[in-house]
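Let's start with one chain on its own, the form predicted alone, as structure tokens.
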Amino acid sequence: MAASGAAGDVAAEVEQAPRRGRRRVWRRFRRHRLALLGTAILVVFTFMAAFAPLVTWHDPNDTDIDALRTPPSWSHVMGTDEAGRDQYARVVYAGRISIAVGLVAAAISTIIGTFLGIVSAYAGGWLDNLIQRAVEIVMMFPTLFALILLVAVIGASVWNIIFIIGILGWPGKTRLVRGQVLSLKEMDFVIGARAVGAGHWRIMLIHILPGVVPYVIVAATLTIAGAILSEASLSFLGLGVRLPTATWGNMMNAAQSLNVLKNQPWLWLPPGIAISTTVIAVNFLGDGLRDALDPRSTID
């Protein structure tokens, strides 16, 4: 009876372990006030972008020749641009493009980087050397220069920009994942799985991948901010998404004029604030996730 009772206690303990782990992560994250603030900001921005028709009163592409570059007023709370388009509507709708670029590009680079990092570390040998040389070649080129070159060759559509930013962002994640896998693959549970005949793909996906997920999540979160800034940089230079489609970057393009910078701040200040606020919020979120998911943390 005592043995069966002990076995039942052990089974219950094993069953409750994942739930306790999630509660511990949430408790750590909740203590990071800046991460909570960043999450709230991102939720608000994402909600506004997703439901833009409900929170705006003008079509972002409608022009009004009687209201060209007018300052903020009751009818246009953020003023109008050089074509008489409502700035507030364009900032909100631009969030759809800029946030989507960040999310999808981060997903692409994270999937590629995680896959190559696991394969590189687990396989070792010539395959590891080949992947690491590819990492070094991609990292050798300045990111902005490579973005400009590829956009000029492929074109500047939204999906092309997402794809280009995504395929240029994997090397750092590959190195991060590789470093974690090199230590994980020598752990007892991996050696035990190999001893009982588990296949290589099963070991990589079932036993090793969960161990690198916390680091991948943090890296992916921070990549979102980098992707948003990359798109904004391209659009500011006139190489990004073409008008009349609004993005925060191509709205900032108006700031290239000294007259606009000095006398018409409503043309560049709202998208500039949107970019900086989103990037800072994502960084706060990444810091909070890093602290909450760190298995070596002693803060509970």
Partner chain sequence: MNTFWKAPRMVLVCIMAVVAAFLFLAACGTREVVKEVPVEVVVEKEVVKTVEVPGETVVVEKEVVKEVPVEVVVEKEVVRTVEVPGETVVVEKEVVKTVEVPGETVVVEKEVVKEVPVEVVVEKEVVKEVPVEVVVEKEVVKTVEVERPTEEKVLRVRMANMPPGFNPHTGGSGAVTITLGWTFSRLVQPGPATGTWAPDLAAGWEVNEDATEYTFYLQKHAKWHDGTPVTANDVAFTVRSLLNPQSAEWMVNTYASVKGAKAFQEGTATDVEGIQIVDDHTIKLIMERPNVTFLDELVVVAALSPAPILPEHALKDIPDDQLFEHDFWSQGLMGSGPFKFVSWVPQQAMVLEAFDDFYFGRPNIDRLILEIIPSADATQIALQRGEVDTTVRGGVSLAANKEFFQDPRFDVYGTQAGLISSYAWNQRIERLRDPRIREAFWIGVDWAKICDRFYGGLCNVKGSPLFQSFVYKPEWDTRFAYNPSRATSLMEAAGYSVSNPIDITMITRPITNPDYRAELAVQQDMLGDVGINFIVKEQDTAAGQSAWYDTYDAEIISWAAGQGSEPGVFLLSNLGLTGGENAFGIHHQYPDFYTAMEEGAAIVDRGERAKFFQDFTETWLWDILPWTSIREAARVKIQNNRFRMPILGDVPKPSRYGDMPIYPIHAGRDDNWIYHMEQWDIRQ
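If you're wondering where the values come from, they're calculated on a predicted model, not measured in any experiment. Numbering follows the first chain given and starts at 1.
As for the form predicted together with the partner chain, it is not shown, yet the points below apply to it.
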| Here the chain is shown alone; which of A83, V213, I111, M187 has a heavy atom within 4.5 Å of the partner chain in the predicted complex? | A83
| field | Candidate stretches 100-108, 159-167, 195-203, 83-91 - the one whose heavy atoms come within 4.5 Å of the partner chain in the predicted complex | value | 83-91
| said: Check L54 for me: does it contact the partner chain in the predicted complex (non-hydrogen atoms, 4.5 angstroms)? | reply: no
| query | Is T46 a contact residue for the partner chain in the predicted complex, using a 4.5 Å heavy atom cut-off? | reply | no
| said: Is T70 part of the interface with the partner chain in the predicted complex - any heavy atom within 4.5 Å? | reply: no
| said: Taking any heavy atom pair closer than or equal to 4.5 Å as contact, tell me whether L243 reaches the partner chain in the predicted complex. | reply: yes
| Across 231-256, which residues bring a heavy atom to within 4.5 Å of the partner chain in the predicted complex? | F236, L237, G238, L239, V241, R242, L243, P244, N253, A254, Q256
